[in-house]
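Okay, here we've got a single chain as structure tokens, the form predicted on its own, with questions on binding and movement later.
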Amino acid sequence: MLENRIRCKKLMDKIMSPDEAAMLFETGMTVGTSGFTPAGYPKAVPIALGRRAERGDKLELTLLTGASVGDELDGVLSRAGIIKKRYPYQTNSSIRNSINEGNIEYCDIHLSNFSQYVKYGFLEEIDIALVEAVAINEDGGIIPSTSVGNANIYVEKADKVIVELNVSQPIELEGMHDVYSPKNPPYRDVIPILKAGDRIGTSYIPCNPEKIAAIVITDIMDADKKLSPVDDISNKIAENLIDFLDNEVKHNRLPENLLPLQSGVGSVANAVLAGLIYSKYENLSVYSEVIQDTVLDLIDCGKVSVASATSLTFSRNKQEHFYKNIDQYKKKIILRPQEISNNPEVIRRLGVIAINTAIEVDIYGNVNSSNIMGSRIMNGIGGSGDFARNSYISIFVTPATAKEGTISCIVPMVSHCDHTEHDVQVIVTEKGVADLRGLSPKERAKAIIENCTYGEYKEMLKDYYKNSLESCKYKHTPHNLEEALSWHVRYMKTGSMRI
């Protein structure tokens, strides 16, 4: 019943169709939406905006989200030519192609920084906040669905708010959220989170009901987050990572139940966390951006006692499992705004162990997590920098090779650098672990080549390092730039790094 979901009675006359709500948008507007790693994003109104464009209406919008969103938003609007500029992270193939073809301007920003950019007024003023919700309170407070992201900030800053009330999202999500927004300097206070499970805010996004211009009823489900099955390489990476953690515990550098865990988004990160299911560790906590399938498995087997994030991103089967057991999961899962889930202050205070994935790593420990061959954006930096720069231990995982062995993920010099050697402490591949803490550049190179590579690429990297050391005038970080570049040029020409 809608009365259970729209509790502010005077808002009942704001209910309209997606096509009616789509007419509230004008070309040149800046729109902030809910959504984070295809969860909790608006779906019906963007599809209606696509229909407007098909009818010949001229629409150009600047689009701000929390992170990646589903095809109903990024895909539909990019294919319709509606998006002029996009912030701060994406994964949709249609928008990625448009960005790489130069049809959409894209600004890739650390996710914790982006929240502040909006609050500080560094970017365009927001005309419309378009957010998905499961209910609206008597005072206009908006109860989010499966993510919070930046929705609370957009609602605060926007001139108008449009709410997509998604009845396919269970009302039982209410109570899972913890919405807290720090004040801007010089009035900012300490964020009072001392443990991953601490609650410090409200269960809804505060909103003046007078700002709500439309309510659209929808039942479109979140995108099915397809995750690759756990394979032998992922299993081996997980084993190597757990061996490293075991050693840290043995030497009293970590407690027996570790410290709060963060894991990046995607199949490799999900698979690596799965290794903890069979580990000795108990009473684990998670302080991350996203809760994926494996975190539910860890909760189910009693390994994880609390998990904090800003988004729930599940495969379809796991989503159904979550909904069936939502009352139990609500006791252990907290969803926060991304300016809190990714906040450097909290990450550093809790001592989060950051585990992120890399596209490529170079022999000195620099990491590329966003671009292919230096210029073709894949997704973006996301929150990996927030955690890598502020974590207790900064770990990056990657297979040693990709594309059936035709490309090495360990290279002489990354083609694009997202995380410098100063923010990267540990590299893990299926071959082994390179602990880079306290090592000079030359020591790092030897550790990475020896422990993280194998076969022909290991020999090629050894040769590169030896030749660079002999030919380079300056010995601190020896490089042969022409030869380093040749690795990437060779792949672009032949599709393989092999000689």
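Since this is a predicted model, take the numbers as computed values, not measurements. Residue numbers here begin at 1 and follow the sequence given.
Beyond the structure shown, there is the form predicted in complex with a further copy of the same chain, which is absent from this document and is the topic of what follows.
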Problem - Heavy atom distance at most 4.5 Å to a further copy of the same chain in the predicted bound form, all of Arg188, Asp423 and Val489 - result: yes
Practice task
Look at the stretches 158-166, 207-215, 313-321, 378-386 and give the one with heavy atoms within 4.5 Å of a further copy of the same chain in the predicted bound form.
Solution key: 378-386
Practice task
Evaluate Asp219 for contact with a further copy of the same chain in the predicted bound form, applying a 4.5 angstroms cut-off between non-hydrogen atoms, and reply yes or no.
Solution key: no
Handout entry: Contact flag, Asn113 vs a further copy of the same chain in the predicted bound form, heavy atom cut 4.5 Å
Key = yes
Handout entry: in the predicted bound form, Glu60 touching a further copy of the same chain (heavy atom, 4.5 Å)
Key = no
Handout entry: Non-hydrogen atom contact Arg336 with a further copy of the same chain in the predicted bound form at 4.5 angstroms
Key = no
Practice task
May I ask you to choose, among Leu439, Ala44, Ile449, Met29, the residue with a heavy atom within 4.5 Å of a further copy of the same chain in the predicted bound form?
Solution key: Leu439
Problem - One residue of Asp71, Glu248, Asp297, Asp178 in contact with a further copy of the same chain, assessed in the predicted bound form (non-hydrogen atom, 4.5 angstroms) - result: Glu248
Handout entry: Sequence-ordered residues of 411-426 touching a further copy of the same chain in the predicted bound form, heavy atom within 4.5 Å
Key = Met413, Ser415, His416, Cys417, Asp418, His419, Thr420, Glu421, His422, Asp423, Gln425
